[in-house]
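The chain below stands alone, shown as structure tokens; this is the form predicted alone.
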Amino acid sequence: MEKRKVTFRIRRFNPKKDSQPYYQEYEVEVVKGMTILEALQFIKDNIDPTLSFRAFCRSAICGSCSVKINGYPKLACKTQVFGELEVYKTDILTIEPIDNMEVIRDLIVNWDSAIEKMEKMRPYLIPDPEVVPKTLDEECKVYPNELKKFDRFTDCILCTTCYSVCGIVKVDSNYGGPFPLARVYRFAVDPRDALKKERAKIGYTFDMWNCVRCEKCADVCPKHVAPVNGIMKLRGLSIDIGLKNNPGARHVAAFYKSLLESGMLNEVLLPLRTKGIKGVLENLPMGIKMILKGKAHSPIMKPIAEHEGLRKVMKAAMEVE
């Protein structure tokens, strides 16, 4: 069986005795097929019993073992050591706790801030009495076309990996975060739920429009849930129920109107349509620079040659949604 000597550079921190985190190295002979979690367990059992990390199911179901491996968050139980050595072309792997949450000790973080925020959003089924039978003697059917709308989001295992990489979580304490907002959407389109689209108001309250669509949450999700897709759809539901008087909704409407008018994005009118006169004044210095450099187009744009075809595609897409 193939073996390699690997140096694990692990970030250590015990708030009861350490003034700041530090890195400690452990050399381990790793056999092919060994996971990061198995390597951590080997270190704890054979080299340093004080090393602390969290692990429960060891089957990529509970999500408790999420750590950063060379700066990228992954589930330790699902990630093989040899695979990481191949990716980074090295024999040294740096293991750190995930970001955006308080470190309790070594690789263990405190999930409370993320989970408490999620609990405030009521991400559980509130039965619609007109749909859900009062007794267990009758079934409450969810048909495949209905399930398809939220099935992907039921795969979330609450590992908080998406939460740890979110830049908006870092700067906006009121922002709900990727996985909690995606769960709000999951129940908003569940036909058994009593609140349905009204749940979009919860997303609005927790700053869902502040998501910048960087898609990091989709990139790191070990279950390929892509929470950002849920957030985008939740935004759409908020517009459906009339929450249109905000910069985010107006920005979407401005994009849509531009494409309907000409098939092109009218960047000159975008600030006016999104933020009104305030938006024009805010963007005026940049606008003047673009005019002087010959980069600003006329606010009156001629439709593209394929404009009618595009309008038909947009109409069909809206009917599908």
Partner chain sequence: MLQYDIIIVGAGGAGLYAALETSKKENLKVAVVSKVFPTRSHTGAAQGGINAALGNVAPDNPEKHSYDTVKGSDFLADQDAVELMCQMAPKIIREMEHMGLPFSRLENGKIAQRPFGGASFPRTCYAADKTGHVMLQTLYEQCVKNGVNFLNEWFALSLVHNGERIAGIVALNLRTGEIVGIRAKAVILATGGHARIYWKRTSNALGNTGDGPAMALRAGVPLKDMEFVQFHPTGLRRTGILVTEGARGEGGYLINKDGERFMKRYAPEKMELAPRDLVSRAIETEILEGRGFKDAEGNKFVYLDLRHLGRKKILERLPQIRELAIDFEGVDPIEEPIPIRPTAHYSMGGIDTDIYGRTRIKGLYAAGECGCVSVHGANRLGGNSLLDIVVFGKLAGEDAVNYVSEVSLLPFEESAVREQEDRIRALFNNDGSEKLADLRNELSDVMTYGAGIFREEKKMKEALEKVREIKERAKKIKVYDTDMTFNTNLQQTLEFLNMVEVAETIVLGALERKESRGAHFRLDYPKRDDENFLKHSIIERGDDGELKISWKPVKITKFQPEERKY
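Given the structure is predicted, the values throughout are model-derived calculations rather than measurements. Residue numbers count along the first chain shown, from 1.
The next section is about a form of this same protein that is not shown, the form predicted together with the partner chain.
> Only one of Leu243, Ile108, Ala218, Leu195 gets a heavy atom within 4.5 Å of the partner chain in the predicted bound form. Which one?
The residue from Leu243, Ile108, Ala218, Leu195 that makes the contact is Ile108.
> Report the stretch among 84-92, 200-208, 245-253, 153-161 that approaches the partner chain in the predicted bound form to within 4.5 Å, counting heavy atoms only.
Selected range: 153-161.
> Would you check, heavy atoms only and a 4.5 Å threshold, whether Asn100 touches the partner chain in the predicted bound form?
No, Asn100 is distant from the partner.
> Taking any heavy atom pair closer than or equal to 4.5 Å as contact, tell me whether Tyr175 reaches the partner chain in the predicted bound form.
Contact with the partner chain, no.
> Is Asp137 close enough to the partner chain in the predicted bound form to count, meaning some heavy atom within 4.5 Å?
Result yes; Asp137 sits at the interface with the partner chain in the predicted bound form.
> Is Arg273 one of the residues lying within 4.5 Å of the partner chain in the predicted bound form, judged by heavy atom distances?
No - in the predicted bound form, heavy atoms of Arg273 and the partner chain never come within 4.5 Å of each other.
> Does any residue in 57-77 get within 4.5 Å of the partner chain in the predicted bound form, counting heavy atoms only, and if so which ones?
Sequence-ordered list: Cys57, Arg58, Ser59, Ile61, Cys62, Gly63, Ser64, Cys77.
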